[in-house]
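A lone chain, given as structure tokens: the form predicted alone.
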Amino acid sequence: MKARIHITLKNGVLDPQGKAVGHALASLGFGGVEEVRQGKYIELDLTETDRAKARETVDRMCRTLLANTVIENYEIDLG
């Protein structure tokens, strides 16, 4: 089973990387971009076949290591 995890900064948390990308896009002539938020995307190949167990395990991985839950949100997609 494959787990796809999207990690993004919570609203209100400053995102200097996003700001830098936004400025770079503007300087390259790409207008109309109001805000850029940088995030992370992680894929895991799991041996677990039970979806509920897999989700529980990946959720623990996120809370323990993959995401900083103080400033980041995460979404898990199992496929």
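Numbering starts at 1 and runs along the sequence shown. Bear in mind that the values here come from a model prediction, so they are computed numbers and not experimental data.
What follows is about the form predicted together with another copy of the chain, which we do not show.
In the predicted complex, at least one heavy atom of Glu43 sits within 4.5 Å of another copy of the chain. Heavy atoms of Leu28 reach within 4.5 Å of another copy of the chain in the predicted complex, making it an interface residue.
Contact check for Asp50: every heavy atom lies farther than 4.5 Å from another copy of the chain in the predicted complex.
Within this chain, Ala67 is remote from the site of another copy of the chain in the predicted complex, having no heavy atom within 4.5 Å. The partner is not shown here, but in the predicted complex the stretch 1-33 reaches within 4.5 angstroms of another copy of the chain through a heavy atom at His6, Thr8, Val21, Ala24, Leu25, Leu28, Phe30, Gly32, Val33.
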